[in-house]
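Just one chain follows, in the form predicted alone, and it is written as structure tokens.
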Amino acid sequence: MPRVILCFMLILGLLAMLPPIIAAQARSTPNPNLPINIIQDMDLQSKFKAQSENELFADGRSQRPQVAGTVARDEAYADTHFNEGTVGGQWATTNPAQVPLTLALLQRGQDRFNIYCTPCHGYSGAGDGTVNQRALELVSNVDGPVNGTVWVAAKSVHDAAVTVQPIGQLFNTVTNGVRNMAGYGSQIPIEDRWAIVSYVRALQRSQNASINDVPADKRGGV
């Protein structure tokens, strides 16, 4: 085959590779410009995104605070003790009437705690779960943190800052999360969340009990 034809075919082959290379580069490189949308599908509609500014209001916020006195249409949500863990604007110190403290509730709480909480907090609640142990191994690797691993250990439920929290505050933490801990409100039914915090209270009591908490006729036994 003549050299001219080979060169021509080589050039055509190289040119044919340009479109997929350009497409791949475009897809992998962030671009500050808006994409070209043939069908808009309301992509460019006028709207305010969360946490954005709005000069229309005096406080400059686009998100408006809830109107005072507003309640959900479903009357069940008006029970803040059960749904939010608050009573009169303060953290509840007791379980709501819907979930009285019983042995069955604690057993259910233990079951749910072992499923959702032990990976980070450990079975005893001391913050020594398997996820924590693995993360510490990655952070303390002899050659340095694996892939730049940074880890904030799960807080022990026996920490002094946690043991003094009212049960309503613990319920709020399980529901909405706190700091690096994600909330479980969308995954765990509300009754089970109350069961979990009740079991957490039992774990805390197990590590901070005194002889006075043991019935007189049980003291000295095995």
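So that there is no doubt, residue numbering starts at 1 and follows the sequence shown. Not measured: the values here are computed from a predicted model.
Absent from the display: the form predicted in complex with heme C. The rest refers to it.
Picking from 98-106, 114-122, 133-141, 85-93 the stretch near heme C in the model of the complex, with a 4.5 Å limit on heavy atoms, gives 114-122. Shown alone here, Ile196 lies within 4.5 Å of heme C in the model of the complex, counting heavy atoms only. Taking the partner from the other structure, heme C in the model of the complex has a heavy atom within 4.5 Å of a heavy atom of Ile188.
Contact check for Val150: no non-hydrogen atom falls within 4.5 Å of heme C in the model of the complex.
A residue is said to contact a partner when one of its heavy atoms sits within 4.5 Å of a partner heavy atom; Asn37 fails this definition for heme C in the model of the complex, lying far away.
Though heme C is absent from this view, in the model of the complex it lies within 4.5 Å of a heavy atom of just one residue from Gln51, Thr70, Asn180, Ser28, which is Asn180. Residues Val162, Gln165, Leu170, Thr173, Val174, Val178, Arg179, Asn180, Met181, Tyr184, Ile188 of 162-192 are found to place at least one heavy atom within 4.5 Å of heme C in the model of the complex.
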